[in-house]
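In the form predicted on its own, a lone chain appears below as structure tokens.
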Amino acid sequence: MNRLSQTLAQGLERVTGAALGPYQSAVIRIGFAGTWLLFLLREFPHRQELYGPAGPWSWNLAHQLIADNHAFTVLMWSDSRLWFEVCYLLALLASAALLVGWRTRTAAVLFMVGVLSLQNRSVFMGDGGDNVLHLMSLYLVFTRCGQVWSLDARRAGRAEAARARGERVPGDRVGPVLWALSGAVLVTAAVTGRFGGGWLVPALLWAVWAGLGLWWAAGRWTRSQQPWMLLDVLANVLHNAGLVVIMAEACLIYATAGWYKIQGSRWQDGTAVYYPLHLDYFSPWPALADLMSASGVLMMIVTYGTVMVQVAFPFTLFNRRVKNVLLVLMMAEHAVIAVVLGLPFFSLAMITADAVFLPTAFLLFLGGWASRARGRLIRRGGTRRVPPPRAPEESTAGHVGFRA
């Protein structure tokens, strides 16, 4: 009994004492934000046809559907073209901000709003990758995904270094301004009845807004550290719970896909992979598809291998070596799908979902390699400026913002 109590106490301390998986959460932040940003940029010339008020799926048709399913989208707040252009631009900016980790918590909320608004506006424009992005944009709001590999982390590191040197760190100004602007938007939307549909997303927006305000107030107006420590514990619990949900969602995707494939006759006889390779819509490289499908043995191996990997993956999480092998196989499969079937954004979304299971040692190696490559590019692309002699040392302290 004492051993069980000790184990539970250690587990509780681990869950509440720190935000676990900082590198895994940073990878999925970068991956999903980058995937959505690339998609928005690629479809920028066609944005009006896909999501605009004058597209094939008109604003009136979308309004009728949303009146029934109560989906959240700010594009239904107005049918003007200007409003659509502003929303599309904000979705681009939010994705870019989340990608680089600038004001990560606020950027994650705006990223979620952009994803939900565009996808719920035109529900027939998506595929499996869009469904993954739809779900993960909600889960990312709960995570502290800017602890590493972000501008927020760099700003916090500079502030800590300045404090260690005894320098004064200027107060944050951008954070309160963003908080006030977002609050004004929420109040306006509530007063004008824009949140007339479902309650889940508006409640989440209000909760995040209130939490950021409490965090700022606890760090500025209270002399005791206890309110801040309580908020930090709650943020850690939400982060760890969100990361577990993301992992469970990825396992559920593969498990359901695998078990449904087992029931299909084409998957049972080993020919299922052959047919998509000969669909015009999924054949950007017909010669490559013909080369792959020319071997019946290869088609059978890929078909059965896909089913076995997807069904087995959730059960391999308790064995690191087997799990890592299956991760390599699944990521390689999605890379092939991106090239052969012409589904790059679906593949990027699934590879990002897989990345949450990557070991920390590999991510650290990957981050070190990227940092060294960046340093070599900087040294090759520019000249180092030599400071004048006896110049006074300038403070490099950054602003302290809302903690991600």
Partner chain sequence: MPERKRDGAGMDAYDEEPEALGGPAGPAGARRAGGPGTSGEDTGLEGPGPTGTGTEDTGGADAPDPAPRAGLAALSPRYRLVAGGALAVVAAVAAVHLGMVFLSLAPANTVSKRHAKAVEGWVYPEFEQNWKLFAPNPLQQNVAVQVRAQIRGEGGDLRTTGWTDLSAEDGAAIDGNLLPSHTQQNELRRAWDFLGTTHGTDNRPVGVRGALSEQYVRRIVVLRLRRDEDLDRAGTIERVQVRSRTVNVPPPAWSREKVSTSPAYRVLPWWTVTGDETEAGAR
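Since the model is a prediction, treat every value here as computed from it, not as a measurement. Positions refer to the first chain, counted from 1.
One more form of this protein, predicted together with the partner chain, exists but is not displayed; see below.
Contact with the partner chain in the model of the complex, judged by any heavy atom within 4.5 Å, is made by just one of A332, L92, V325, A241: A241.
Of the residues L135, V187, V86, I301, just one reaches the partner chain in the model of the complex with a heavy atom at 4.5 Å or closer; this is L135. In the model of the complex, the partner chain lies within 4.5 Å of some heavy atom of L341. Among heavy atoms of G31, none comes within 4.5 Å of the partner chain in the model of the complex. The partner chain in the model of the complex comes within 4.5 Å of no heavy atom belonging to D79. Shown alone here, V336 lies farther than 4.5 Å from the partner chain in the model of the complex, counting heavy atoms only. Contact residues in stretch 83-110 (any heavy atom within 4.5 Å of the partner chain, taken in the model of the complex) are R103, T104, R105, T106.
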